[in-house]
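Take a look at this single chain, the form predicted alone, given in structure tokens.
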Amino acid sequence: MAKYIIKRLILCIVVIFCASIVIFTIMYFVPGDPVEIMMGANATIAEKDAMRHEWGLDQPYLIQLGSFLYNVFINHELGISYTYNAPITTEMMSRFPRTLFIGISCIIVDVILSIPLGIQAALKQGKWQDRVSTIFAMACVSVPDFWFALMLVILFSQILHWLPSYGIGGLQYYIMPIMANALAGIGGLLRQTRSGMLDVMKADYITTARAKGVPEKTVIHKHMLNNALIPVITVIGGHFGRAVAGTVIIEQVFSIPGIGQYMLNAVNTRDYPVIRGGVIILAATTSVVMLLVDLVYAVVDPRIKAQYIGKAGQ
């Protein structure tokens, strides 16, 4: 098992390395000159050329790419922000906990709401509980999260005055961002749970367990749910990446100083090092989460654990 984990960690590094090359290449060839934006039209050509030389923007593509990869993977530095003239690593580490808190909270909300509703919808297939859950799931997937966020602000801040509309502080500042960011995840996870439960409900081992007189609650929670959770866990891992990346819009709506807002401001000002650093952080986070998802498989299904041990032995 340890060898398998080491192999997956190496694969994560490869993924992050490839993501770094891709995002650097995109930012290199994207239209727009950060020097023109930063210095404005009043700066002379000599001043602009001096700033390009200072930032290394006058170097060829391969030299800039090699310098970037060396700083990231050897020096563990993401560079200096063009706009703030400050180390990006320090700024990212101060903002990342807020973004991560929103992402983890979204997944918790998704699991608490979606899995029980999905189980109930499958057990009551074709009945009103199933129809209500299906409509609810479709509404969650269809409603844009930024529109839902604005509606939450109008209702809970402007009308009811229960929650603050923006900024950071206590937990009350995160309630609406978490609700808005978790919306689409609730719908997708509910549908996947319902589908997974329906797939295992008619399996032979379920019929055998009921024929032996096993209590229905035991059949549902021990036999059905364990096998139905395999695809659900995959969806949860994917939703975590989406929840973290989705904070780009949510943090902007609620003025939360996280990675999402930092990256969005960088896009508007052509602050390429910040964009590259944000993508690398998100890629690393998603890679680690997907590794954890693979390990959770082994906890839920012993057969998968046996396969992991077998692969590690080979």
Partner chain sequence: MVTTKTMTAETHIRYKKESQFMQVLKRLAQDRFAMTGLGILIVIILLSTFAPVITPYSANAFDPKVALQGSSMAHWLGCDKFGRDMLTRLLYGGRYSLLLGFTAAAASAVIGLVLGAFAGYFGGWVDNLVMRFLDVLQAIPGMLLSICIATALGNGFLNTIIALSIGGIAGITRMLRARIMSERKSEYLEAAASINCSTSRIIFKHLLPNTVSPVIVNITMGIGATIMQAAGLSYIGLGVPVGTPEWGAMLSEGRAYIQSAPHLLLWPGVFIAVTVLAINMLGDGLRDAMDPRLKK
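Please read all numbers here as calculations on a predicted model, not as lab measurements. Numbering follows the first chain given and starts at 1.
What comes next is about the form predicted in complex with its partner chain, which does not appear here.
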Original post:
Of V248, I256, V35, V289, which residue is found within 4.5 angstroms of its partner chain in the predicted complex when only non-hydrogen atoms are counted?
Top reply: V248
Original post:
Between the options N75, N85, Q172, S142, which residue brings a heavy atom to within 4.5 Å of its partner chain in the predicted complex?
Top reply: S142
Original post:
Of the listed stretches (95-103, 172-180, 145-153, 112-120), which one has a non-hydrogen atom within 4.5 Å of its partner chain in the predicted complex?
Top reply: 145-153
Subject >> Residue contact check: M263 to its partner chain in the predicted complex, 4.5 Å heavy atom >> reply: yes
Original post:
Using 4.5 Å between non-hydrogen atoms, is I10 touching its partner chain in the predicted complex?
Top reply: no
Original post:
Any chance V30 has a heavy atom within 4.5 Å of its partner chain in the predicted complex?
Top reply: yes
Subject >> Any non-hydrogen atom of I220 within 4.5 angstroms of its partner chain in the predicted complex >> reply: no
**OP:** Give a yes or no on whether each residue among I23, Q125 and K202 has a heavy atom within 4.5 Å of its partner chain in the predicted complex.
**Re:** yes
Subject >> in the predicted complex: members of 272-290 within 4.5 Å of its partner chain, any heavy atom >> reply: Y272, I275, V279, L282, A283, T286, S287
